[in-house]
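The data below hold one chain only, encoded as structure tokens and taken in the form predicted on its own.
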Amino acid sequence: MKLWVDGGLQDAATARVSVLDHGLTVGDGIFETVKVTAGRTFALTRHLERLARSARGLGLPEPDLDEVRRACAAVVDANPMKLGRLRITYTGGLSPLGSERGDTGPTLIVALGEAGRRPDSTAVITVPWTRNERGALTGLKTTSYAENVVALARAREQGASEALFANTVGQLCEGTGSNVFVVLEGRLLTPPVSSGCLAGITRALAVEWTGAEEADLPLDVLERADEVFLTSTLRDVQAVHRIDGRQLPGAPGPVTAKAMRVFDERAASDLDP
């Protein structure tokens, strides 16, 4: 396995970054996950645009997106696989211990791992912890992910693949690594980014391609929704068949099934929409 570290390909077994990298010591970094199918990336331009936005939001130097593209291409070419998860990580670089950044410049890492196709439907839970829709990192895809690790572990304990959060005012927000859509009285709805959710790439495409509407939704909409589905880079559009103890029989329902079909068709026709 080959990966890219600060300017070139390295063997995964011997690749190194400093133990004093700010991404390691304090979680000062950003990342993107890109789907790779048979050597072809999907929606890479949108992912790189969000990487740059996250860098600006975190106060990191503007990433050289041409270099990131070269790194992605080199890693994909060096590691052929049927379906993969391409991970772009960009951190504050070598820094003093503590919150202050150093002045040596950022670290760029690009790696690729194999992935399996997700099932058509999955189980989710809700968790008691909240997303802060007014936080300094809201809307940024940062490496400060420990909150998601804890919530996802809770989901796994309960036989689910995802955990859903409300925000601080009780509105439905997002999953640990996904956005959420609901069908309510015939309308396809998803929380707006003002709820504190990440502006997911797959979420944006699903909204564009299905005509879904953004709406502030209470968390208990999950108790009433006729259908629920998740979107993310590797889930694409994935139906939900159980939320906590509530079963949604027949998932994927008709609206979700149509969204899955439309997404697959549109994604196949344009790899960089």
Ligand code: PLP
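This one's a predicted model, so the numbers in the text were calculated from it and none came from an experiment. One rule holds for the numbers: they count along the sequence shown, beginning at 1.
Same protein, other form: the form predicted in complex with the ligand, not shown, and the subject of what follows.
- The site on this chain is open, since the ligand, superimposed from its pose in the predicted complex on the surrounding C-alphas, has no atom within 2.4 angstroms of any backbone or C-beta atom.
- Shown here without its partner, the chain carries 174, 200 and 233, all of which come within 4.5 Å of the ligand in the predicted complex through at least one heavy atom.
- In summary, the region of this chain contacting the ligand in the predicted complex, judged by heavy atoms within 4.5 Å and restricted to 118-126, 137-145, 90-98, 105-113, corresponds to 137-145.
- The ligand is not drawn, but in the predicted complex it has a heavy atom within 4.5 Å of residue 179.
- Heavy atoms of residue 50 reach within 4.5 Å of the ligand in the predicted complex, making it an interface residue.
- Contacts between 89-113 and the ligand, taken as any heavy atom within 4.5 Å in the predicted complex, involve no residue at all.
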